[in-house]
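The chain below stands alone, shown as structure tokens; this is the form predicted on its own.
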């Protein structure tokens, strides 16, 4: 089955839709046209650079280069987690906790898929490793950032209630348990919603891309199901690790709530 190729004229025509949105912003005085332009240019530049990098990696298959690309992706994703926190942990924990839990969850899930279900030869081939890792990483990043922000926000808001439970004899784990549960529910909800809506409300990007490139729909569906399972596993593991690590950091062996270990609020 043949697939349709796109040239730069096709992309320019599609870009006119963004211009329409920018024009609407000017007419309606939404004041987002500048941000829309910057986001569009940034997206194009980033994707072009990524395409060139991937082309070079595919031509030079090496575990070293694949691993280096993974490290760069983790570093950038860790910075995104930090930026999404209204009140991050103080010191290195602000960056280290998010990136370490994300690295463990995303790497374990991706390596599991590469060495079992997908099984390319070699297993670290960037054509398979990097796209899978990127999809798992992006969703795990969202789950961790939402979980951490919800946990810190709820503990700050309900500090008096948590400390009242401690005064009445509850352990720090018992006092913080409702907040941790709410943080995990919030972190996992986008993935749960995406799984519930996939195939009925929306066709996922990976499946759509494969179909447009000529892959049989049934085969594309199987790959999409695999990816959704991997995303759910990575997001769940990452969110659990991050929230548990954050609750440990925000408490001590004397069963005290340690909000002094948070950085100043950014609001």
Partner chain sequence: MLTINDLARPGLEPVNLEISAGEIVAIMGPSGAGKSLLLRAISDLDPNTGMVMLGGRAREAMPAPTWRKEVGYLPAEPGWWAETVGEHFQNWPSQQDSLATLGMPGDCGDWPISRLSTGERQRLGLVRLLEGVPQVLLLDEPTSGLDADTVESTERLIRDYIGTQRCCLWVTHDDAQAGRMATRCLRIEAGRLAEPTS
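Positions refer to the first chain, counted from 1. Fair warning: this is a prediction, and the values are worked out from it, not measured in the lab.
What comes next is about the form predicted in complex with its partner chain, which does not appear here.
Undergrad: Quick one: of 161, 104, 71, 90, which gets a non-hydrogen atom within 4.5 angstroms of its partner chain in the predicted bound form?
TA: So the residue touching its partner chain in the predicted bound form, by this definition, is 161.
Undergrad: So which of 114, 82, 166, 180 reaches within 4.5 angstroms of its partner chain in the predicted bound form, heavy atom to heavy atom?
TA: Only one option qualifies, and that one is 166.
Undergrad: Answer for residue 195 alone: is it within 4.5 Å of its partner chain in the predicted bound form, judged on heavy atom distances?
TA: No, residue 195 stays farther than 4.5 Å from its partner chain in the predicted bound form.
Undergrad: Is there a heavy atom of residue 100 lying 4.5 Å or less from a heavy atom of its partner chain in the predicted bound form?
TA: Contact with its partner chain, no.
Undergrad: Is residue 75 close to its partner chain in the predicted bound form, meaning a heavy atom pair under 4.5 Å apart or at it?
TA: No, residue 75 is distant from the partner.
Undergrad: Look up in the predicted bound form whether residue 170 has a non-hydrogen atom within 4.5 angstroms of its partner chain, and give yes or no.
TA: Yes, contact at 4.5 Å.
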